[in-house]
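Only one chain is included here, represented as structure tokens and corresponding to the form predicted alone.
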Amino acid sequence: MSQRFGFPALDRSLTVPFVLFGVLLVAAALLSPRLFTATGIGGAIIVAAPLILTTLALTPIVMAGRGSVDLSVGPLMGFVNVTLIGWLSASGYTSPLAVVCWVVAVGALYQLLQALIIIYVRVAPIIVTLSSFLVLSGVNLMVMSRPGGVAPDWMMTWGAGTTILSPVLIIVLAAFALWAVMRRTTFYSHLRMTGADERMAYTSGVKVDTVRICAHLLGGVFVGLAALSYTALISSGDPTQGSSYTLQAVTALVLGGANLAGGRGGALGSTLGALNMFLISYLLSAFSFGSVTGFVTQMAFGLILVASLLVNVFMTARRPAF
């Protein structure tokens, strides 16, 4: 069934995410059963959607190989958010079509720029994306010095989270549908081949540079959708909070079983990783850590990232060679 809906067939890399998801659901049911009400699920969708989509944005880029972990994905989401509120909406361009075209175009064009620098200028991905992280973090504050502005009127009710079926859920489902369509194309097999063994893919006739550019463009589309859901969540612009999604998205990606070296990953694993991150944050909020709550959450994310990397390395080492 997973193949039918565009998700990867269940494999060993998804065992840990599924088990952890079950454990966290049981813990959430015991500690805070309100999560499983219609309002609780609706609110969870609104809060988790930006992380799910940001993690999904990282997935094709990482699958393309060369250790291309896009560290700029969080600030880029923030950039799309603040330009949407500070430039587009403030100038009166608030129609749904204009907003959707803006967020998708800005995300895709910026990722295209990064891809061209990485591929043709031959700068290491980690250097390009780290530079982008720092540049965009500063640019966001130049566009909007502090949180403010107002989302378009038609978006104001999106973040209420009072019902399960919401526009934000439709955005997430649309992203899954896009991934499902992509998996049925030749590009997907070429993406996996390029990430698993670039030389083998090249000798097989795969245009590896084109594959990497398309992976970045696809990631940019998902970043745009993430920014749209994030704007719906806060109903305004925020130049700083987007940066915090980078660590969470990378952790969720690894937690979902993706291989940071490339060649392995998918929408199902990324979604499970993001949902697990949301549930961990949700459960931590049930405990009182006083003024250090934020530091405890960041420490938990860091420990989870290290543990996930170790588990992935162990499971990759045990995977039989074919």
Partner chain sequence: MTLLATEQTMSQTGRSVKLQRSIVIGFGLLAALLVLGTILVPGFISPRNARSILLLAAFLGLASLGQTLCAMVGALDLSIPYVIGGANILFPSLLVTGMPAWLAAIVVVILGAAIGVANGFLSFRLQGQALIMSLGVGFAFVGAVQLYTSIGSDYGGTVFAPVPNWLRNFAAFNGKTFGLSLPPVVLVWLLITLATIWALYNTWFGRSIYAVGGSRTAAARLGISETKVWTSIHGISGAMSALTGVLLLGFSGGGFVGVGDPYLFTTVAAVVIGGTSLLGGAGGYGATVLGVLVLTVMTSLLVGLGLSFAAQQAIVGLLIVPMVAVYARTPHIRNQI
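What you are looking at is a predicted structure, and each value in this text was computed from that prediction instead of being measured. We call the rigid core the largest set of C-alpha positions that still match within 1.5 Å between the two forms. Positions refer to the first chain, counted from 1.
Just so it is clear, the following notes concern the form predicted in complex with the partner chain, a form of the same protein that is not shown.
Trainee: Taking the shortest heavy atom distance, is S131 within 4.5 Å of the partner chain in the model of the complex?
Mentor: Contact check for S131: yes, within 4.5 Å of the partner chain in the model of the complex.
Trainee: Closest heavy atom of G67 to the partner chain in the model of the complex, within 4.5 Å or not?
Mentor: Contact with the partner chain, yes.
Trainee: With a cut-off of 4.5 Å between heavy atoms, is Q298 one of the residues that contacts the partner chain in the model of the complex?
Mentor: Contact check for Q298: yes, within 4.5 Å of the partner chain in the model of the complex.
Trainee: Using a 4.5 Å heavy atom cut-off, state whether T203 contacts the partner chain in the model of the complex.
Mentor: So T203 counts as contacting the partner chain.
Trainee: Can you tell me which of 163-171, 114-122, 95-103, 182-190 lies within 4.5 Å of the partner chain in the model of the complex, counting heavy atoms only?
Mentor: This holds for exactly one stretch, 114-122.
Trainee: Verify the flagged residues V19, D238 and G263 against the partner chain in the model of the complex: is each one within 4.5 Å by a non-hydrogen atom?
Mentor: Result no, not one residue of the spot touches the partner chain.
Trainee: Between L247, I234, M155, I213, only one gets a heavy atom within 4.5 angstroms of the partner chain in the model of the complex; which residue is that?
Mentor: The residue in contact is L247.
Trainee: So which of A90, V135, L109, A177 reaches within 4.5 angstroms of the partner chain in the model of the complex, heavy atom to heavy atom?
Mentor: Of A90, V135, L109, A177, the residue with a heavy atom within 4.5 Å of the partner chain in the model of the complex is V135.
Trainee: Please determine whether the C-alpha atom of F301 is displaced by 2 Å or more between the shown form and the other one following superposition on the rigid core.
Mentor: Yes, because once the rigid core is superposed, the C-alpha of F301 moves 2 Å or more between the shown form and the other one.
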